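Single chain ahead, by itself, as structure tokens, in the form predicted on its own.
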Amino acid sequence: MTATTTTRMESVTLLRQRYRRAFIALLAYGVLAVAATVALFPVFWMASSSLKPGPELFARDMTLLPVNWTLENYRNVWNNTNFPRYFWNSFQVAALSTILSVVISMYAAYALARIQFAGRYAFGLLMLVTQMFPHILLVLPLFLIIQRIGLLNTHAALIIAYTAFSLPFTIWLLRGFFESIPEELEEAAAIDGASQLMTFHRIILPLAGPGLAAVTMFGFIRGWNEFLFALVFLQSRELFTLPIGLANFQEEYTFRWDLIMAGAGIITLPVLFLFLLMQRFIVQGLLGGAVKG
């Protein structure tokens, strides 16, 4: 076999490998494109329907895009319903439960990551086990507890429930993030005379910004979108959060799709804005929290 023949065979092999990699990449991108289309189509349909006038929205021949664009549905849901009250209730509950879960989880996670005590690994695993139970199994016990302490039909009941169910995930995530920070930084601060608490506040927390952003986003979305506990714990209409208020646009014999679609669009905007604002920090936080722990 001559050198020229060998070179040609190697070139053909390399060309085949390139075509194979290109085909695999094209196939992967095609699968991702189909999956993204399937996942995003409900959002697209919601946005399109919210911009359609009433006759077009309820017409027999549906169109993907509005023929006559209008913001009347948004004006109607905001000005002629209790939607602003629901919006403010959801914001209060989501914000307060997020603040509580972040504050509690950052101290608990740091203790699990740095302080040596008996059973800390077992405690961490126990927190993960609690995530395996469906929330619907815990509704009745939690309802009885909330009722006996006199917090039924209050936003405080939701704040307590959302905080409790967010803590296992946020503590575990922040624990992994804290463990990825070199301990030499804390040792250097201790040599300079800083206490452990001072080191945590002035050195560790600034470095843990991406992790805190990730758990903040997680806690806010959980409190903003949660339906089951709000349905069980709240009875007064003026206390309803957005998911419950949106469900009330279902009338006895009809669905107010114009109000539901416009309300769903408004509900999506704060979460979308928050995600776009904190996207880079969220990715860093999730990757950092997955390194150890």
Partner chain sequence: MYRRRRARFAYFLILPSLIVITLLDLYPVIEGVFVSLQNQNMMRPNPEAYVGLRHYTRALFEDIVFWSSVGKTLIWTAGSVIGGYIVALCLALLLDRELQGRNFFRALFLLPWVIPDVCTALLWKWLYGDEFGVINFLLLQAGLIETPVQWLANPDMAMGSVIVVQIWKLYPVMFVVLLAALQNVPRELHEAATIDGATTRQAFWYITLPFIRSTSVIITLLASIWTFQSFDVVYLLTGGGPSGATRILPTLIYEKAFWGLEMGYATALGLLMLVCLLAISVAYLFVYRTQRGEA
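Positions refer to the first chain, counted from 1. Rigid core here is just the name for the largest C-alpha set that superposes within 1.5 Å across the two forms. Keep in mind it's a predicted model, so treat the numbers as computed, not measured.
If you look for the form predicted together with the partner chain, you will not find it shown, but the lines that follow are about it.
Note to self: How about Glu179 - does it come within 4.5 Å of the partner chain in the model of the complex, if we only consider non-hydrogen atoms?
What the structure shows: No.
Margin query: Considering non-hydrogen atoms and a 4.5 Å limit, does the partner chain approach Leu207 in the model of the complex?
Written below: It does not: once the partner chain is placed as it appears in the model of the complex, Leu207 has no heavy atom within 4.5 Å of it.
Checklist line | Distance check, Leu173 to the partner chain in the model of the complex, heavy atom within 4.5 Å | finding: Because no heavy atom of Leu173 falls inside 4.5 Å of the partner chain in the model of the complex, the answer is no.
Check: So in the model of the complex, does any heavy atom of Leu71 sit within 4.5 Å of the partner chain?
Finding: Leu71: no, not in contact with the partner chain in the model of the complex.
Next item on the list: Name the single residue among Ala108, Ala213, Leu151, Leu96 that comes within 4.5 Å of the partner chain in the model of the complex, judging by heavy atoms.
Entry: Only one listed residue qualifies here, and that residue is Ala108.
Check: Thr37: CA shift of at least 2 Å between the shown form and the other one after core fit?
Finding: Comparing the forms between the shown form and the other one, which are aligned on their rigid core, Thr37 does shift its C-alpha by 2 Å or more.
Checklist line | Per-residue C-alpha change between the shown form and the other one, Arg114, threshold 2 Å, rigid core fit | finding: Yes, the C-alpha moves 2 Å or more.
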